[in-house]
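Just one chain follows, in the form predicted on its own, and it is written as structure tokens.
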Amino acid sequence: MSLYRTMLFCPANDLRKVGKALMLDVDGVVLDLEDAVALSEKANARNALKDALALPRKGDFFIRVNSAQTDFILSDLLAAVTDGVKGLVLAKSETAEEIRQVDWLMGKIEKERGLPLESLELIPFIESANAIINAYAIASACPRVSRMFLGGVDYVLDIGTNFSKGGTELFYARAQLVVASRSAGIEPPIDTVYPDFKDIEGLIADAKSVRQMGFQGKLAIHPGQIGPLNEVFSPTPDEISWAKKIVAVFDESEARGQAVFQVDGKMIEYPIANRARRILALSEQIAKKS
């Protein structure tokens, strides 16, 4: 599984902000051609991508393109499908058919530019009730889909409510994305932004809640959110210690032909051992990145 505890959004037409964002300890930076860019600045934002790609970076480089239903989509794809980009985030993804159309266009551009086919990932941004209902179809629309993002700001507006501290209004949508992602065999989803970037305590509580639900990380809109999110979505020392113990005992027991046993009064079998291995693999990824 990839390491995406944090994904930071940054407007593509502000190279000063882009340069700073790319050097932060964030797992991925998403340069935005959509909501963060005024209509009059769309062309300038696309033109800025070439300069942005030449900047030094620590994490992966993604680009959010406008919805497939807009007139911007073709120009966005022509600007964004290029070497050095990890993947594209498709704003306001609504249906599997949209995903397949964008996938087809990306493939044509890759071929024309001599890029390996499906070299760029495609991340649907799920932002409406309709998209939540279609989540599994979207997740399984094509092999290029690697994971999904939850766009909570648009979603809560779509269902006629607003953000709350408890996140009750997002529970169904979050659960749908986790289950749909697992069913489609893609990576766990990445959760929506926490809009109040000054409320770090609330951010941490929200992040812990969605980590427990099965999300692999969370979107960020401010550099101050990165550190707390990285910490929440990283295995704790206790989790790593537990995982090492489980794997060691399980391997020893399995070698003796035993696949079910007890550790500290709890039954351990293959699913628990596999979870322990995932924790250790994630810990190793974080160590290498550091």
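Since the structure is predicted, the reported quantities are computational estimates derived from the model, not experimental observations. The first residue of the shown sequence is 1; numbering continues from there.
Beyond what is shown, the protein has a form predicted in complex with a small molecule; the following relates to that form.
Among 203, 193, 80, 102, the residue placing a heavy atom within 4.5 Å of the small molecule in the predicted bound form is 193. Site annotation in the predicted bound form: the residue of 228, 223, 235, 59 reaching within 4.5 Å of the small molecule with a heavy atom is 223. Of the stretches 243-251, 51-59, 31-39, 65-73, only 31-39 has residues with a heavy atom within 4.5 Å of the small molecule in the predicted bound form. For the chain shown alone, residue 16 is a contact residue for the small molecule in the predicted bound form, at least one non-hydrogen atom being within 4.5 angstroms. Using a 4.5 angstroms limit between non-hydrogen atoms, residue 278 is distant from the small molecule in the predicted bound form. The small molecule in the predicted bound form is approached by residue 197, whose closest heavy atom lies within 4.5 angstroms of it. Using a 4.5 angstroms limit between non-hydrogen atoms, residue 8 touches the small molecule in the predicted bound form.
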